[in-house]
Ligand code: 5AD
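Shown here is one chain on its own, the form predicted alone, set out as structure tokens.
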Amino acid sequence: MKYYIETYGCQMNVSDSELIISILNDAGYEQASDIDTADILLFNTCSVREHAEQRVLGRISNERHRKKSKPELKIALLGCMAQRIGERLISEDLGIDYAVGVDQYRALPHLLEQAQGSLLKFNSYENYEHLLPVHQGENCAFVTIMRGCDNYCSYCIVPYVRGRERSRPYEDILLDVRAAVARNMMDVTLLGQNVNSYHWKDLSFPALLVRLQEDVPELYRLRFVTSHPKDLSDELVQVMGKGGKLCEHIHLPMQSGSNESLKRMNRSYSYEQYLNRVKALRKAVPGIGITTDLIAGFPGETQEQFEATLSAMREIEFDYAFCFKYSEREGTAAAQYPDQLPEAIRLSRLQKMIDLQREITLRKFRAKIGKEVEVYVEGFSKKSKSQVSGKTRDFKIAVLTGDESKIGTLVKVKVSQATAGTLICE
């Protein structure tokens, strides 16, 4: 039996798909080279925003026609969306045969032997010990070090679809990183919903970073996402300040610059506390790239509170920000708030946020002109096969002239131009 898997959403889903591939391969299934030759279509899904769910449903609708010429074809819905509404979707005759939640991948091969069914129970102890994912990337690897979330931010569905926090044993993480490095993957990113709250026995997250650098000397670049500001300890700042294999970049979601909004979001910090962490990072790691997530139009957000976020953006000057309008998620606390904002206000505020960040990012990128940077070349440029692209250590996309021989290599280049998203180098 051949399977074909499509992945939607965050890097955690990418890592989960690699885990699923490992499980299915060990059970005797074969990964199809393309969708046309597959006997089973697997869709690993995201539920963070409604758009992500609608996108998957659209894809399944487009592909279910294959069952007419291939009646034995099966379609499986995996991951967060399956966890949230899998049972309902199976009953709605959308062409979905299986729904499998995030803690039940070990049982997937057995389920696929049945005509139809679901596996959606949470398992608060499942962290897939002793299972190594099959890394699908050619140059960059994502290594899950913990699963779940205990924070229950009022807007976020993640704790309800991924369960409580549990950390992966260090031995498994070490084997995973070594496997990636053995495949010449020079850029490794550690993953967790709240990666810096990792704790296994007596091993804290800062200690994990130190041990990995010591135990895998061949490792060249080490990153991690996503960090929660409340868990960004002085010890972690100190470890980052020592440099080494740790890249000069952190993704630190702020979400809002208004203390009132942050409180309603249940973010467990104030803007002043967040700013303190930013200052500590910049003091310990001069030139660090700081990226963030921001929400526009959160329920009850006044114009004054929105302006506080814009003011925070100007004060901090993030290198880049992923900006989103608030997306109501059924089952979360914020979905019950009575003061939901009209869609037009959400979109208007989102656009203002994007426009401001674009100005800041352009200024930050242009400040790199004339400077030398190290680029890990990951592939061809989107615009031309005569150019290649990759990331700098501080997580900026860089483009330079080159051919296939450059892919997978580290190059020192000089920045000659910059856009609000790309360093153009020579």
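Treat the numbers as computed from the prediction; the structure is a model and nothing was measured. Start at 1 and count along the sequence shown; that's the residue number.
Just so it is clear, the following notes concern the form predicted together with the named molecule, a form of the same protein that is not shown.
Colleague: Just give me the single entry in 307, 248, 293, 172 that has a non-hydrogen atom within 4.5 angstroms of the named molecule in the predicted complex.
Modeller: That would be 293.
Colleague: Quick one: of 147, 84, 135, 329, which gets a non-hydrogen atom within 4.5 angstroms of the named molecule in the predicted complex?
Modeller: Flagged contact: 329.
Colleague: Please pick out the stretch from 210-218, 150-158, 74-82, 112-120 that is in contact with the named molecule in the predicted complex, where contact means heavy atoms within 4.5 Å.
Modeller: Only one stretch passes the 4.5 Å heavy-atom test: 150-158.
Colleague: If you check in the predicted complex, is residue 324 within 4.5 Å of the named molecule, heavy atoms only?
Modeller: Judged by the heavy-atom cut-off of 4.5 Å, residue 324 is in contact with the named molecule in the predicted complex.
Colleague: Please determine whether residue 255 contacts the named molecule in the predicted complex, using a 4.5 Å cut-off between heavy atoms.
Modeller: Residue 255: contacts the named molecule in the predicted complex.
Colleague: Are any of the heavy atoms in residue 49 no more than 4.5 Å from a heavy atom of the named molecule in the predicted complex?
Modeller: Contact with the named molecule, yes.
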